[in-house]
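Consider the single chain below, provided in C-alpha cells and representing the form predicted alone.
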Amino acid sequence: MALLEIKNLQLEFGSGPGAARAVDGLSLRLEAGKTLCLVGESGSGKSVTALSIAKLVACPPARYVGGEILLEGRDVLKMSARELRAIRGGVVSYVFQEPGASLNPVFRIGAQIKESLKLHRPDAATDAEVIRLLKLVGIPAPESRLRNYPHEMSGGMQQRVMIAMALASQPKLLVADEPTTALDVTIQAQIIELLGDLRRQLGMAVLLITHNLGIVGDLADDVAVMYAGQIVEHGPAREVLNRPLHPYTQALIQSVPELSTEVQRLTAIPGTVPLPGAFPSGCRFHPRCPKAQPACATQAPELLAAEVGRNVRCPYSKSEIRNPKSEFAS
C-alpha cells in the first residue's frame, strides 16, 4: 500500500457557473521512503495540490468536488476535524517557502520548535530535543542558536529551522513547497542535499514542489510535471529529465541555463500559464506549444502510458533530447 495516493482529485474555487477548477483530475502515488518532485510554473496548481494532502485549503472558498486523497489508506477528504489535527504534523509535515514569513518574529526559535513538540510529542518537549533537531538539520552551535530570534539568522538558517520544526513530530511524509525560494544558489544546493540526507536517515517520504528542474535530478525518484491543473508527464526522474516526452517538459528543461554554453539570450516559454476558469479548449498547453497541431485546439488529450513507467498527456509526444544537460545526467 502506498503512503500517499491521490486519485482523480478535483478542486474548485467558487461555485456555480463561475467556479474555477484549480486541480482537475489529478492522480499521484508516493511510496514510503521515496521522493516525488512535482514540477511546473507558478500558477500550475502545485501548492494547492500539496496543501490538499492535509486538507489545508480553506473551504470555502475552495470545494473538493471529486476524487480521493488516501494517506496510509485513509481518505483525508472524509476525515473529521479531530482526525485531521492528528495527521497534520503527526503523519505529514510541511516546509513552506519564504521561512522569514512563516516563523513568528517575536518568539525565539527554540520556543517555536518546542511548540511543535508539545503538540505531537509532549514528553520530548525539552531543550535537549530542540538542540538535537537543530544539530540534525546542520545548524552550528545549536545550544546558543535556540535562543535566537528569526531575524538574527540568515535565510538559509531560517529554512533549516523550518525543517527542524517539521521533523519535530517525526512525520512519515515531508512536503517541501519551494523550499529554496529566495535563497542564493549555494544555499539552495545545501538545502536540497539536506533534504536528501534526512530522507535517507529517517526513512521518510518527501514530496518536493518546485518550478526549477535544475534541482530535481539529485533528489527525486520520480517526477510529475504539472500544467494548468493537470499532470502532463510522469515517470522516473532520470528518464523524464534525460528524455522528456511532453513539449512542456522539454520547454522547461530547455529554459534552464547551461553554465558550459555562452548564449546571447536565454530560452523562454512564450505566454503565461492560464488562470483557473480560463483554460483554453483542447490541450491546455497548445497556445504556447511550438509543436501544436490543428487538432490540439479542440481535442483534450488524456494522460496515457507512453512507455513502461512513463505517462504523458500528448498524442504527438516524442523525445528529441538525446544529449541531456550535464546537471540532469547524474
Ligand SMILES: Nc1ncnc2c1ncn2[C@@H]1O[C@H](COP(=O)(O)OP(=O)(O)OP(=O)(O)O)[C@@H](O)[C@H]1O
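We number the residues from 1 along the sequence you see. Small disclaimer: the values here were computed from a predicted structure and weren't measured.
One more form of this protein exists, namely the form predicted together with this ligand; it is left out here, but the text below deals with it.
Using a 4.5 angstroms limit between non-hydrogen atoms, G67 is distant from this ligand in the model of the complex. The closest heavy atom approach of S44 to this ligand in the model of the complex falls within 4.5 Å. For the chain shown alone, A22 is a contact residue for this ligand in the model of the complex, at least one non-hydrogen atom being within 4.5 angstroms. Residue contact check for G33: none of its heavy atoms lie within 4.5 Å of this ligand in the model of the complex.
When you look in the model of the complex, the only residue of R145, K172, R243, H211 with a non-hydrogen atom within 4.5 Å of this ligand is H211. Contacts with this ligand in the model of the complex, taken as any heavy atom within 4.5 Å, map within 56-92 to P61 alone.
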